[in-house]
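The chain that follows stands alone, in the form predicted alone, written as structure tokens.
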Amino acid sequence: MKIADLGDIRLHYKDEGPKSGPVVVFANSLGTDLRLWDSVLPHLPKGLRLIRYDKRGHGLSDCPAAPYSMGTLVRDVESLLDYLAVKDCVFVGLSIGGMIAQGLAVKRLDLMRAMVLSNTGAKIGTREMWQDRIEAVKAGGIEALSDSILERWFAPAFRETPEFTAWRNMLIRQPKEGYIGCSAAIAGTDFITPTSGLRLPTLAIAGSEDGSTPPDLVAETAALIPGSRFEIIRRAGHLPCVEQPEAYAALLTTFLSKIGHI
């Protein structure tokens, strides 16, 4: 296990593949850790340098007191990439990870040459909706909301599989303070204007059954960036990299090839 001491935060990360290979960075969703990408990575081309990390308040990273700001989450991964001497990566962000991707592209385009916005938006929900969720988690923990969250995360067929139990356990075992902190960051974020100014190769991915960031929201976000591509993965909810990892990896591979990253 690797921990990057970045001064004000220590982040758990994995850095796999040849250090000289083209870099792909992965940022996961609210309520998950870096294992989110486990099923996708084996299907990607050999020779890539694959970096993933637990954002603050999640997994094995530090969990400071809530609330967090989106600027802080962007600064965390910015510091991690500087720590690892990464430039010109392709940044793959899912849900809040996709918001972090947008913020990083606006702030430090030297770190990124392209991005994948998966199951995300320039703005997700309303401040009031997120505040209601924060209050519910404060009162009853993440488990109190787990059933409704998991219905949005996964298509019905996947919720009948044994694997589903592992994802439920991952969600409810995340630190409550981290979940609240990142929920506050999402509540305070509206990237519609800054994202509309971005000009870099972008792939947007949606899940046909996604109840958290429906395909229309993902498509609207993609439309803010000229020349972006939009793809839907069928029979998948908010985490298509879990439900349809081969299809997800195929979209990533095609995109990496088209932009000359492999």
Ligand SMILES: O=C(O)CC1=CCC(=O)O1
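Just so it is clear, the model here is predicted, and its values are computed rather than measured. The first residue of the shown sequence is 1; numbering continues from there.
From this point on, the text means the form predicted in complex with the named molecule, which you will not see here.
Checklist entry - Would the named molecule be touched by all three of R49, C89 and A249 in the predicted bound form, meaning a heavy atom each within 4.5 Å? => result Not a single residue of the candidate spot has a heavy atom within 4.5 Å of the named molecule in the predicted bound form.
Item to check | Single option in K176, K107, R152, K123 placed near the named molecule in the predicted bound form, where near means a heavy atom within 4.5 Å | outcome: By the 4.5 Å criterion, the partner-contacting residue is R152.
Item to check | One residue of F158, W167, F191, W130 in contact with the named molecule, assessed in the predicted bound form (non-hydrogen atom, 4.5 angstroms) | outcome: Selected option: W130.
Checklist entry - Taking heavy atoms and a 4.5 Å cut-off, does S212 contact the named molecule in the predicted bound form? => result Although the named molecule is absent here, S212 would touch it in the predicted bound form, with heavy atoms inside 4.5 Å.
Checklist entry - So, in the predicted bound form, is L81 in contact with the named molecule at a 4.5 angstroms heavy atom limit? => result L81 lies outside the contact set for the named molecule.
Checklist entry - Given that the partner is absent here, does L30 sit within 4.5 Å of the named molecule in the predicted bound form, heavy atoms only? => result Taking the distances in the predicted bound form, the answer for L30 is yes, it comes within 4.5 Å of the named molecule.
Checklist entry - With the cut-off set at 4.5 Å between non-hydrogen atoms, does I96 touch the named molecule in the predicted bound form? => result Yes, contact at 4.5 Å.
Next on the checklist: Tell me which stretch of 159-167, 179-187, 70-78, 136-144 has a heavy atom within 4.5 angstroms of the named molecule in the predicted bound form.
Outcome noted: After filtering at 4.5 Å, what remains is 179-187.
Checklist entry - Is any part of 52-66 within 4.5 angstroms of the named molecule in the predicted bound form by a non-hydrogen atom, and which residues would that be? => result The stretch does not touch the partner at all.
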